[in-house]
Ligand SMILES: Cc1ncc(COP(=O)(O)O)c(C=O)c1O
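This document opens with one chain alone, in structure tokens, the form predicted alone.
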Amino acid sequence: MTDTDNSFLAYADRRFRLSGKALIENGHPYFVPTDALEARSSEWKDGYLSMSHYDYLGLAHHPATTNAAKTAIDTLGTGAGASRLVGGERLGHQALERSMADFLGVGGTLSVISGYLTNVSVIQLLLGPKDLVVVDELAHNSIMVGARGVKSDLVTYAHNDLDDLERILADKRDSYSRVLICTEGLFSMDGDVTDLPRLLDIKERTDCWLLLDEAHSYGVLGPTGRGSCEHFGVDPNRVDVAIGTLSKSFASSGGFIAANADVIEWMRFCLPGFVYSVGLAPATVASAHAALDILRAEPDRVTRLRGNSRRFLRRARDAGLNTGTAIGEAVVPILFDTPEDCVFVAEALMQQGIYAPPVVHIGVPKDLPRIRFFISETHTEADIDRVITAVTEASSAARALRNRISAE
């Protein structure tokens, strides 16, 4: 294969190399079958510990969620069978959506087969060629892909810099028919939050719409896990469109939209990602609904999650680790000086039975490699102390190795 080879395989190889292929050529921690790691738990002194999963409320193995899924399969089978519009739906679909809307205090919700697809499809439904979409520069890839896939103009503003957002809107708002602001409630890579009260004031003063991605916020932010609006004490109906997921606090899979009831009814007939996709499987619906019921009945799970998250953040900072702008709510990254240090530390953790893969190129700026730690209410103080000690020791070893190599 030559540098001038224009074949499909040559193109794929070039793109892979640009994405950091060299970092994984001698082995890597990705795509590990974690059930196999669990089966090997006895091999490590303190057992296997996952810090890489979104099970914030510890509900993925709760008897109520697993039994609900089993019952749904026994009763309704394994799949929805078709798009809900053309093939009908199960009673559980709208039951979950009504319960979720009631929990969040909004007019309605609509579930979609994929959380990623939800953002992409909603943005493409809302905007046209005379419109503008303004996106936080660190918003999730699904938001960026959705924004780039429409005929509207796209502008990004500096991460969580609402002064920058205001400058952009002052300069551009009058040139467009509709303007959609897109951001996250709790940022999935940085663990920080949007200043929602100020953001709502900006969007209302400038006659814009707001899409707020609450994928990591529901079940996490607020005293009872109702998300950013509860966290800041604002009316959730001031947010035009909120995007949620069932794969994190609700221990299942798929995405959903929370909005005004009339908006939801419109989307049931017109949202491409819903109309042209199969409905959620019965087991998925049942387990997510069971998880929601547990959250409503046991809000102390959110309190315990918050306590664990704050402990992790505090211990990391006391150890001199770089946690960036994280506030200590379920997602806490630890940043490293180089991708090589990041990979080294992740491998050192894995050797001790702690699974937390590195994030070096995909999803974050190339100069900000990190290990992203997801905290659960099931983690113990001993778990957290174990992780911080392991990261601190491995970080020191990585720096020493790098300095030795530089001196040679």
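All residue numbers refer to positions in the sequence shown, first residue = 1. Note that the structure is a prediction, hence the values are computed from the model and not measured.
Keep in mind the form predicted together with this ligand is missing from the figure; the text below concerns it.
Note on the interface: of 214 to 222, 315 to 323, 269 to 277, 82 to 90, the segment with non-hydrogen atoms within 4.5 angstroms of this ligand in the predicted bound form is 214 to 222. Proximity to this ligand in the predicted bound form, taken as a non-hydrogen atom within 4.5 angstroms, holds for one residue of T194, S188, T109, Q124, which is S188.
Put simply, of N308, S152, S142, N160 only one has a heavy atom within 4.5 Å of this ligand in the predicted bound form, and it is S142. Taking the partner from elsewhere, E184 is found to have a heavy atom lying within 4.5 Å of this ligand in the predicted bound form. Shown alone here, P236 lies farther than 4.5 Å from this ligand in the predicted bound form, counting heavy atoms only. Of the heavy atoms in G328, none are within 4.5 Å of this ligand in the predicted bound form.
When this ligand is considered in the predicted bound form, F344 lies well away from it, no heavy atom lying within 4.5 Å. Residues are counted as partner-facing when one of their heavy atoms sits within 4.5 Å of this ligand in the predicted bound form; in 113 to 134 these are S114, G115, Y116, N119, in sequence order.
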